[in-house]
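The form predicted alone is given below as one chain in structure tokens.
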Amino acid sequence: MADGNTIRPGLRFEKLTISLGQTRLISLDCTIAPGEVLTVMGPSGSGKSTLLAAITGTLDPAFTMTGRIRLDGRDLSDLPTEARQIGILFQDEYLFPHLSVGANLAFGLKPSLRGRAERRARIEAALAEVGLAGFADRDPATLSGGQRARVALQRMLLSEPRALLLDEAFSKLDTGLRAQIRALVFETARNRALPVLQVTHDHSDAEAAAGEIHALA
């Protein structure tokens, strides 16, 4: 949001409300600064997924939204999903089983990046960054859960998002792996100055994020 001529960086919710009929599900007025995490917690049906849909531009018309969502000062309201520069990680990695690891990562690359050698180099660098150097030609079915999570993270980051959403992203990982992948994601977000909105029902995820917590009824 602009204060005079100053643009406030981060993911900003300006008096955002989302309702279904007469029931208000979401009420937010805050900014997630670059590198910080806001955790939204609540039981199933409380509106967590609805909030993510509003941010990504996929909100069902049955819901009513008022207020604004801004990213680095830009109003997202009228932008299509693909123009919002929002990255999202789900509890499932959604890797394409018929494609290699490298081909999966290629889906994250921007179309403006041309040249087979340059695209391959970007993919190899992304894999090396998370300890998976040389994995480009591997079948996703041969990867462990932790390796799949790292590939999904890097595929998302290759699209160069300006904010990150976590949709119960760690819920299917066992305890030890959960802590490891969670630390990797939060550290990466801090290093890249990405504002992060995490929705979860798990208190350990909220504590690990070390940020503000917003509870839904």
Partner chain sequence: MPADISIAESAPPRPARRARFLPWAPTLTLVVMLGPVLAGLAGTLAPAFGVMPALGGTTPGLAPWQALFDWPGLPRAVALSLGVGFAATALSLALVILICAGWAGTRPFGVIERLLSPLLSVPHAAAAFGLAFLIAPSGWIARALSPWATGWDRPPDLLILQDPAGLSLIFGLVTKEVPFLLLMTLAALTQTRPGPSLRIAQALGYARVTGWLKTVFPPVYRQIRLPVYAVLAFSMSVVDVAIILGPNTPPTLAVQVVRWMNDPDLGLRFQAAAGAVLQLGLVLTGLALWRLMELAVARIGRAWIASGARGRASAEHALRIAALILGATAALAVIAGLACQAIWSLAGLWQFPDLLPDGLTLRNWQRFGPRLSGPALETGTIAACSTCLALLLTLACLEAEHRHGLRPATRALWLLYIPLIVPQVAFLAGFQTFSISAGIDGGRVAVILAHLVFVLPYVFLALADPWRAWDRNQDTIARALGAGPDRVLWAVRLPMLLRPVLTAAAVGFAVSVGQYLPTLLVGAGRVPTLTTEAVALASGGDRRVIGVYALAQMAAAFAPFALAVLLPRLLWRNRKGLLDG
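These numbers were taken from a predicted model, which means no experiment stands behind them. Residue numbers count along the first chain shown, from 1.
The following text describes the form predicted together with its partner chain, which does not appear among the structures shown.
- Heavy atoms within 4.5 Å of its partner chain in the predicted bound form belong, among the stretches 171-179, 148-156, 37-45, 24-32, to residues of 148-156.
- Proximity to its partner chain in the predicted bound form, defined as a heavy atom within 4.5 Å, singles out one entry of 115, 97, 134, 131, which is 97.
- A residue is said to contact a partner when one of its heavy atoms sits within 4.5 Å of a partner heavy atom; residue 121 fails this definition for its partner chain in the predicted bound form, lying far away.
- For residue 192, a non-hydrogen atom is located within 4.5 Å of its partner chain in the predicted bound form, even though that partner is not displayed.
- Contact between residue 88 and its partner chain in the predicted bound form is found at the 4.5 Å heavy atom cutoff.
- Under a 4.5 angstroms non-hydrogen atom cutoff, its partner chain in the predicted bound form has residue 60 among its neighbouring residues.
- Taking its partner chain as positioned in the predicted bound form, the residues of 102-128 that bring a heavy atom within 4.5 Å of it are, in sequence order, 107, 108.
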